[in-house]
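The chain below stands alone, shown as structure tokens; this is the form predicted on its own.
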């Protein structure tokens, strides 16, 4: 592929033009190989952010990203394969109970996950709280575990969509993360390349989410559903509320503990509700509409699946999570009801405590995080705990306290309950 100049491709998109298939194929390939420089791709990414892309352009861009690396072949796995992707939120530990639950119901779940950045937590960071558990698996280990256990959560190998890895890092430092064509192609190129037969998307909406408005979330969901269909992957999306953190635990070790409670048949009602809603969508997409995920939680099959999955990756499913050395309890100043818990403020507070990272290379703390004692709608009396901040170092507490101070609103009347699942897109 030759005959193009990067500056001509940049100008075409800068001036609102539609890129040809050949231009897209060339620029993605050339960037992956280092022929197109970072500053040139930065300019193109900004032009895409400002001027958008047509549906065919996004489909071709996604295909070019997939073609930059390998595509896994899961034909050796006898069960139907189905994956789930969340666009990221606060307290969003759903992947942890969901993956073994869906596997316990007869599907195989090839879950390639990521790490957290900023106020949203990463699934791999949470699971690495478990002693011995490892995120890096070879393609052979990944396929074997999927075949034998039906559930695997691991890091994407370097061979899958390398163009995306390079472009994602660039978008992060150039203010172009928000471009819907680039978000959609980033997510879908990895999911299609991993070889899953079906995919369920959890597109978060609200203060703690990447998408603040339902309209933007719907546009992203529709774009990704269309991309999945174009590549032969049956794709469905749920728009779900992320104005309030999911569950009571926000952090790494604390979210693992809460996930295990869900697998044991307990856990917070909202986490259970969303886990079951996504499980039903995944099982339906995998051609197993009669499976009953609620029964698998009740009878212990989901927990057995979890323990097998953790052990297969070197983890100890019986290990206790380490306790934080520093705990600060914040109490209510008046009687009333919790009217709101702002997901973004709580997410930033957890990050300040050490549960998240500012840069990809930063370490994360296992015991750090926020634990909510009260959620929206709960009655509260003056002096009762609202939430607690947990950290390994006392000096982390003041900044987190400042962030969380405006997160919880107490009012005289309870709020009108909000629906967790807002909309379904197929």
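These figures come from a predicted structure and were not determined experimentally. Residue numbers count along the first chain shown, from 1.
Form predicted together with ligand URA: not shown, discussed below.
> Using 4.5 Å between non-hydrogen atoms, is residue 248 touching ligand URA in the model of the complex?
Replying inline: So residue 248 does not count as contacting ligand URA.
- prompt: How about residue 168: is it within 4.5 Å of ligand URA in the model of the complex, going by heavy atoms?
  reply: Taking the distances in the model of the complex, the answer for residue 168 is yes, it comes within 4.5 Å of ligand URA.
- Hey, in the model of the complex, is residue 306 touching ligand URA, heavy atoms inside 4.5 Å? The answer is no: residue 306 has no heavy atom within 4.5 Å of ligand URA.
ask   = Might residue 142 be said to contact ligand URA in the model of the complex, defining contact as any heavy atom within 4.5 Å?
value = No, residue 142 stays farther than 4.5 Å from ligand URA in the model of the complex.
Q.
The chain here is shown without ligand URA. Which stretch in 340-348, 184-192, 276-284, 133-141 comes within 4.5 angstroms of it in the model of the complex, by heavy atom distance?
A. In short, 184-192.
Open item on the list: Where, within 196-214, is there a heavy atom within 4.5 Å of ligand URA in the model of the complex? Residue list please.
Closed with: Sequence-ordered list has one entry, 210.
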